[in-house]
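To begin, one chain is listed below as structure tokens, in the form predicted on its own.
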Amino acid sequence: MQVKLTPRLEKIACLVKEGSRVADIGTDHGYIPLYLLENKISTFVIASDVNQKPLESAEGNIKDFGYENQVETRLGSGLETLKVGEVDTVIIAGMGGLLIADLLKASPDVVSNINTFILQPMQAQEELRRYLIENGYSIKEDLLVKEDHRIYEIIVVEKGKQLVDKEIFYMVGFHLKDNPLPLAEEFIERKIKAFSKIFEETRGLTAESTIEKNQMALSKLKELEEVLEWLKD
């Protein structure tokens, strides 16, 4: 029996450094812990979830694969299930960016002893990057992965200072050029399309808040067009 991951989960799992002790927060069915063990990337994983049913599903899968001695399952919220120093890498995937930031805030003692965070926010990516940089983290990788029709953003962070040249990088990531060019271009083009829609829908309207929204969309469009040109250089 072999663990098969979706492209999103496989990309996340492959970012774990060999020999790491890992906590998968919001583990759901426990697929990432199983993959890490099966591929000998990690020798010890904590699979944590706030909900009982997904954790029971993970426990069943762990038993089926015979990894009961290498995976600990824990019920609870975020990093509150962890003890200080027992893992060096934390994965938080499939949650909103604001929730991820809240989970990091809630467990400062645990967080301060983690070397690497692999974060995959489903939304509010810009707000999460801003929180990380303002709270002493350095973004080491900004990776994109396409699954079905959606492009997901994966952010790898460690402690340190992050240089911010332009505000737009909070939105598009600080290492966009590390991704395959066609995927990076599609990612930016989708954002251009979204802001173009906002611009067109608010053009000519006179309410003050709508005028501000229109000007914001126009500003973002100009910045994103510059990013697209920069990608092609």
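Just so you know, these numbers come straight off a predicted model, no measurement behind them. We number the residues from 1 along the sequence you see.
Unshown form predicted in complex with a small molecule; subsequent notes refer to it.
Engineer: Looking at 110 to 118, 138 to 146, 153 to 161, 96 to 104, which lies within 4.5 angstroms of the small molecule in the predicted bound form, counting heavy atoms?
Structural biologist: Going through the listed ranges, the match is 96 to 104.
Engineer: Pick from Met171, Val50, Leu183, Ala194: which residue has any heavy atom within 4.5 angstroms of the small molecule in the predicted bound form?
Structural biologist: Checking each option against the small molecule in the predicted bound form, the one that comes within 4.5 Å is Val50.
Engineer: Note which of Ala217, Val16, Leu224, Leu9 lies within 4.5 Å of the small molecule in the predicted bound form, where distance is taken over heavy atoms; exactly one does.
Structural biologist: Exactly one listed residue reaches within 4.5 Å, namely Leu9.
Engineer: Should Ile25 be counted as a contact of the small molecule in the predicted bound form, where contact means heavy atoms within 4.5 Å?
Structural biologist: Because a heavy atom of Ile25 falls inside 4.5 Å of the small molecule in the predicted bound form, the answer is yes.
Engineer: Is Gln123 near the small molecule? Define near as a heavy atom within 4.5 Å, in the predicted bound form.
Structural biologist: Although the small molecule is absent here, Gln123 would stay clear of it in the predicted bound form, with no heavy atoms inside 4.5 Å.
Engineer: Within 4.5 Å, heavy atoms only: does His175 come near the small molecule in the predicted bound form?
Structural biologist: Contact with the small molecule, no.
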